[in-house]
Structure formats: C-alpha cells, structure tokens
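So this first bit is one chain, no partners, the form predicted on its own, shown in structure tokens.
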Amino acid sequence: MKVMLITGASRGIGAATAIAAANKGYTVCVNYRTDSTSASMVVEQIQQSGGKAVAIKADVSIEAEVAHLFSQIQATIGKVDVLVNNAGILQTGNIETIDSDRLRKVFELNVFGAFYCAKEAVKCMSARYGGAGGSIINVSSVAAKLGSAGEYIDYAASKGAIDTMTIGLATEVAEQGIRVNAVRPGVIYTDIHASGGEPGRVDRVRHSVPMKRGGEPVEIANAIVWLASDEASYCTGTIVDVSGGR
C-alpha cells in the first residue's frame, strides 16, 4: 500500500485530498500545524470508511520539523511514495498593507515549506538513495497567472515560485524515477479565504469565472489523486489548471 503525505491536510483541499486518496487505497499522513481536532476528524472519517491514516503535527515552514515529520512517517506507516505540497496561507490587502512580517510568513510556508518537503521526499523516493520512485504534486494557484492585483500579490508571487519550482524539479529528478507536477486551483470554497480576512470572497468573485461558480475542494483533490496515479505515468513538469476556465 503506497503512502501519501499531504501537508496542511486538516481542512479544505488537503482534507479532501486525504479522503480521496484513502478511497483509492493510499495510506495517508494527514499533516497539520495547529488544528489537531480537525486533523483527527479527517483521520477518523478515513478509518470509518475502512482506510488507513495517521495525523502528524509539523510546521513545514521549519526545516527541522520537516525532517522529523518524514522520520515519523517512516517509523509509523512507511516511506513516503507521494508528497502533496498543499500547506499554504494568504492575507488580503493591496501593496500598501504588505510588510516584512507578512511576506516572511507567506513565503516561509508557501515556498520554503514546499522546498523542505520536496528535499526530504526526494531522499525517500530517488533511485539514487535506493528508493522506488514516486510522485510530488504541488498545489499552486491560478493567482500565479492572474497576479491577484489589489488582493494578495504576495500570495500570487509565492505560487509563481511554486510553478517554477515544479518545472525545474521535474527536470532535475526525472531520471531518478520521480514525477513532479502541480495543480492550479481557482476560487475554491475553503477556509483559507476566511483565515485570510475575507470569508465571502468566492461568492464575490465567482461571476468572473467562465463557469460562473466557485469550485469544491473535491474537484481539486480528484486532479491531485489522478496526477499521483499510474494513469499519469508520462506526466511530469505539468501544471493542471482546475479553475473553472480562468
């Protein structure tokens, strides 16, 4: 049974991906930073459906915690076969509201965290280290293409970095048996908007989406699970927009 680590999996897209992956037979690590109750609820839902999952706390913006996270996973459920870099934060506001503290928090989690996790995943998966290969899926955002003017250009920039990292890392590790891809969600009904300061954002902007609606977390989860699967075996360096046409 393959092991999938999903960072920031206590809610939203991460939680939906954990459930979808467990339904496909993965053993899932539900990583969380602070919300142990929600993470435990995700694990319980998976277990009640006959799946296998564990919740492990780690702040992936801290390199030492990421290394410990991978060690804990290997000790409890085995080496990571699939990494989903999902953990992320945003805050709303135009350029005048952005200060060094906000920039640091956004980039440390959204970008540094993805790099730290990818580094440890490569050491688990790479044929160079005796691994059997694997898959890394980065959760980007359509904001990387649109820029999110007047809302959160720092978040958009962090996701632009993730797009570039996806392409570069895919090339770097292709011969090591590792595929690296990304999904770019559009406006999705998750708690990230509330935590960023605007809980009603999806309904405010959904009319700008060609499909005229916000997306559901499971719609992103299904794309992630497909990219992780053998059905996507010839996909690497690919970025899939799941954004209702934006």
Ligand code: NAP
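Remember, it's a predicted structure, so these values are computed and weren't measured experimentally. Each residue number is its position in the shown sequence, starting from 1.
Just so you know, the form predicted in complex with the ligand exists too; it's not on screen, but the next bit is about it.
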*asked:* Under a 4.5 angstroms heavy atom criterion, identify the one residue in Ala118, Val82, Leu109, Ala156 near the ligand in the model of the complex.
replied: Leu109
*Could you work out which of Ala55, Val187, Ile46, Ile178 is the residue within 4.5 angstroms of the ligand in the model of the complex, going by heavy atoms?*
Val187
*Pick from 87 to 95, 164 to 172, 129 to 137, 70 to 78: which stretch has a heavy atom within 4.5 Å of the ligand in the model of the complex?*
87 to 95
_in the model of the complex, Ser61 touching the ligand (heavy atom, 4.5 Å)_ = yes
*Give a yes or no for Glu219: in the model of the complex, does one of its heavy atoms lie within 4.5 Å of a heavy atom belonging to the ligand?*
no
*asked:* Residue-level contact is defined here as any heavy atom of the residue lying within 4.5 Å of the ligand in the model of the complex; does Ala21 satisfy this criterion?
replied: no
_Is it the case that Thr34, even though its partner is missing from this view, gets within 4.5 Å of the ligand in the model of the complex, heavy atoms only?_
yes
*Taking the ligand as it sits in the model of the complex, which residues of 1 to 34 have a non-hydrogen atom within 4.5 Å of it? Please list them.*
Gly8, Ala9, Ser10, Arg11, Gly12, Ile13, Gly14, Asn31, Tyr32, Arg33, Thr34
